[in-house]
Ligand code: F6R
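Okay, so here's just one chain, in structure tokens, the form predicted on its own.
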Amino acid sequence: MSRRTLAESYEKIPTHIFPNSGAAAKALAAEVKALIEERAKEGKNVVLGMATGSTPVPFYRELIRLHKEEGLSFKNVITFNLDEYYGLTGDHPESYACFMREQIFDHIDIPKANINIPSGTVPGDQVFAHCREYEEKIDAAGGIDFQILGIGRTGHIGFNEPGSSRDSLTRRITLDRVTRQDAAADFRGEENVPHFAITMGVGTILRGKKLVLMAWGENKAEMVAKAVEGPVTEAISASFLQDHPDARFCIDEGASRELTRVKLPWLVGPVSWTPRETRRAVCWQAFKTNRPVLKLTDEHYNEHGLSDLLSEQGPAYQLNIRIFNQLQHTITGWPGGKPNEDDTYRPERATPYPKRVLVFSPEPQDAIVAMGSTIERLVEQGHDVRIVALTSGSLRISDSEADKFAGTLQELAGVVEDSPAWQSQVAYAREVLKQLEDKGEFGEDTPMLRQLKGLILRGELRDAAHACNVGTDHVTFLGLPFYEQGRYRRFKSTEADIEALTSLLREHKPHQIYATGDAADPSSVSGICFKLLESSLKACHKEEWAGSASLWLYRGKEKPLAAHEIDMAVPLSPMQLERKARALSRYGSLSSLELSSPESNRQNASHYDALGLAEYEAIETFQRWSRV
């Protein structure tokens, strides 16, 4: 049986892995272009099912490019959107009607009459009729020829949350809490996210002639694997695609990481036993058998599909010792390198000492959340540590925080003597409160409000950094233009962003760099920031400092590093973990995932303990970043 056939025995839906979202988007857009042009020659229309969210954005941008640069016309295209938030007008900035106009419809020649999106404002007693009419419109257009889909963290397609049946049709649905949490940043707080949506049903989607589900980033990997390899279940509506005759998944490498052929390739076919792959197999086997690495036997290897590894690198005793030593050598209390010591088996080199260290934080909370204790350790050990907030983070601050700030300023002015010095502050506070009231619950922030929200988060980062022993003069706010001029899911980076980053790198010439976003959705803040940093480092690659800088990756909002991926593990004492928690308490706008960072650090330690290594209270983990 061939490797591909073995993979197919696990994958119940054809799954194509692309190196990145751009490559996938280009391939899919070319396929759609061919379909549109073929139908145009026949004098026929093409009916496209459209998705929203960050996932289809690269695909839509490629369609726009094909229209503007290669003359692709959309005059014979009819579109039907999957869903819409219930309660939002079409001009609300977070409505999917607005999203579709901004992301594609305003940039191509599709007739407005050919665009169909469920209404978010249809009266409650007319919702059923509206949904039935939507189904009838799809049927009248001849059915959907090509349906684009994404996948949510609950495994949903459209807004078909867990419990949606295979035969469900277009309807109003209550949004799952996880879905609302994922949309919280868009709406500046979970409390502002609508509780309901109108969505095509699973049955409606399955009537499409061709279905393509796209997924980017490691946060989607678990649900992709469950939908592709698991049973068909109402708990994961994307799994129903297994029953469709022409459905496929198009994913990037990050989203593929939980597929059996990627995660456990030895179960699928022959493996090239690189050091990383060997460590992955041994760690997996240890967790699976619930035994520390040094207690694995030849029989364990043979019973779990690893006989090839054993014959190539065994016996088990010698292999176990080698992997155990590799894992042990990742542990260090000296993340900047231990001066005047043999660094042969240490993750970081001893020289130079002290090091100039840049810690890049996509949004102002990311670095403290993921590696606050390591930052503190670096400072204690004498290194010159600078935290660089790449964006202001203003979009994550709720209106209530701005209202509280302005209200406090007004109250403070009321308890001091009347003074001309306070008149401008009072005027500022009143204007902030007025703008908050004028824009309403869902309105777009004015420049003044965005500036204030950025200042609030700036203050929080300074406080949190101080708790990690980083002085105010060692906190840099870069304010990359892509963020300040955009919104979530609508960011577009430019050369100005790269120039700002490149200038900062050349100014500080770091010996050590910490960054995140390598496994993130490429259209997320951290994903964009990572690509920009990558481009800036490439621009500097011929400079001496760049060639010798050590590069480390940490995980922020993405799935934590697995044991075999860790190249540096920094153990934390109970007191260090407590100080990190205190640093996190300086923020007023952390998500539940970010607040659980100390518990994630404890889980890292428990994994090392299970492998037979020393038992620690908690561990922050890092992966060596291969040279760009």
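All residue numbers refer to positions in the sequence shown, first residue = 1. As the structure is a computational prediction, the values presented were derived from the model and not from experiment.
Although not depicted, the form predicted in complex with the named molecule is the subject of the following passage.
Undergrad: Give me the residue from 571, 598, 53, 560 that has a heavy atom within 4.5 Å of the named molecule in the predicted complex.
TA: Result of the distance check: 53.
Undergrad: If the cut-off is 4.5 angstroms on heavy atoms, which of these, 385, 157, 390, 255, is the one near the named molecule in the predicted complex?
TA: Exactly one listed residue reaches within 4.5 Å, namely 157.
Undergrad: Indicate whether residue 396 is a 4.5 Å heavy atom neighbour of the named molecule in the predicted complex.
TA: Flag for residue 396 set to no.
Undergrad: Though only this chain appears here, would residue 96 touch the named molecule in the predicted complex if you measure heavy atom gaps against 4.5 Å?
TA: Residue 96 belongs to the contact set for the named molecule.
Undergrad: Does residue 152 make contact with the named molecule in the predicted complex, using a 4.5 Å heavy atom cut-off?
TA: Taking the distances in the predicted complex, the answer for residue 152 is yes, it comes within 4.5 Å of the named molecule.
Undergrad: Is residue 82 part of the interface with the named molecule in the predicted complex - any heavy atom within 4.5 Å?
TA: Answer yes; at least one heavy atom of residue 82 falls within 4.5 Å of the named molecule in the predicted complex.
Undergrad: Heavy atoms within 4.5 Å of the named molecule in the predicted complex: which of the stretches 295-303, 496-504, 469-477, 157-165 has them?
TA: That would be 157-165.
Undergrad: Under the 4.5 Å heavy atom criterion, name the residues of 480-494 that approach the named molecule in the predicted complex, in sequence order.
TA: Heavy-atom contacts to the named molecule in the predicted complex: only 489.
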